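Below you'll find only one chain, the form predicted alone, shown as structure tokens.
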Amino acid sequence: MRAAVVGAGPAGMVAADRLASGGAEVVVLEATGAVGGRTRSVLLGPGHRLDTGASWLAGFYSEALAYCSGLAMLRRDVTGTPQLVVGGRRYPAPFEPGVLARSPLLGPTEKLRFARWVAGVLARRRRPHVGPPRRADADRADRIDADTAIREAVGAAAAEYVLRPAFETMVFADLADLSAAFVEGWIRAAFDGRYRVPAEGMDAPWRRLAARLEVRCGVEVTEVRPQGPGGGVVVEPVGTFDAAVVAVPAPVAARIVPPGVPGRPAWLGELRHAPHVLAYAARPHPDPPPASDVHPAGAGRHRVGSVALYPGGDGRVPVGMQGATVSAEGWWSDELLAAGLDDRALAAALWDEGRRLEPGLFGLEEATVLHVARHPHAVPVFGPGHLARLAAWSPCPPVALAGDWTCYPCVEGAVRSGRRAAEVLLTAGR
């Protein structure tokens, strides 16, 4: 079998690796100049590496971690308590039970209701599940949005001071746009989290795979369609293959895979991805202060999701330097991308907002390193009903769709989706 894999993110690279292991002749086609997708890492100098998108692997990401076998790994467990800025004042983020118990942001009754709600979530979802959704996920929690569910079950303060600053900075979408079942799943995962990253960057496993596969970067695929009764798949503008895996964000898949192709779900064009823009800068500093992470909280929309400061010597930032990132919320990322700003202007816009949130953020004029990351399709938005839709869907030949949006929006979900798509093609006709 001769197969094309469109997209060189984790899903595409895993699909290509599995197909090649199964005896297929595989070519990977990537529109950008590098593999990795949103796990892309950028080397900014000796010992100075920035993960521009996904930035950790949880301990229960069994399949993703298997691809890291033999790679040097760094711990990325959460250290310290993030800070919330509410009305100009700072409070320890009540993301952990002990901090929540002491927090003045929630009253005693709401704390008790929240604790009972979390206990109920943990009882229903005994372990993290990041594989293809099961029929059991198509419950009431998947039919209601997370904001409504939280406010009904716990109250407004828990939504504003716990869930929104924790989740909206991770998936760049409003709680009101997310399925309650999806948020509950991540709450279960948070209690089991041990985090690591490859020392050479989040894209290290996929770069290693690329070294033994045929990968053509800078190739923008415009259409993937079955050839007709004679069989085969036309991949424009490259040629004809026996089969193809399309491992790209849903909006891109909806554009290049025509309606009517077997396995193309009717809802494909409805699924959106939240965008994300961040700016990173670093300055020389002989003795930088400890790491910090600040989030805005409270009612209303916030432009910046988080401001983080990193001391040197943590495996990302060299000793003698201090790094910082300012991360935009999804809706403001959308506006910034639409404005078409160059890197310097975009970083300046983020930095101005970031310094309002974190006065300790150094001035951009002090930076000797600057990098801006733009992700128009950062994270698929798992809104109400999407888990149920996925539970009733699976990829099929000869054009198998893959990507975290077909499984679960994380690196592990992408990896599992790529393996599943490859297996579908390898077993077709047996």
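Position 1 is the first residue in the sequence shown; the rest follow in order. The structure presented is a predicted model; accordingly, all values stated were derived computationally and were not measured.
The following text describes the form predicted in complex with a small molecule, which does not appear among the structures shown.
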Taking heavy atoms only, is F172 within 4.5 angstroms of the small molecule in the predicted complex? yes
Please tell me whether any heavy atom belonging to A16 falls inside 4.5 Å of a heavy atom of the small molecule, as the geometry stands in the predicted complex. no
is_contact(A421, the small molecule) in the predicted complex, heavy atom dist at most 4.5 Å: no
Is Y61 close enough to touch the small molecule in the predicted complex, meaning at least one heavy atom pair within 4.5 Å? yes
Segment that reaches the small molecule in the predicted complex - one of 385-393, 65-73, 361-369, 31-39, heavy atoms within 4.5 Å: 31-39
In the predicted complex, the residue from V252, A348, A153, L309 with a non-hydrogen atom within 4.5 Å of the small molecule is V252
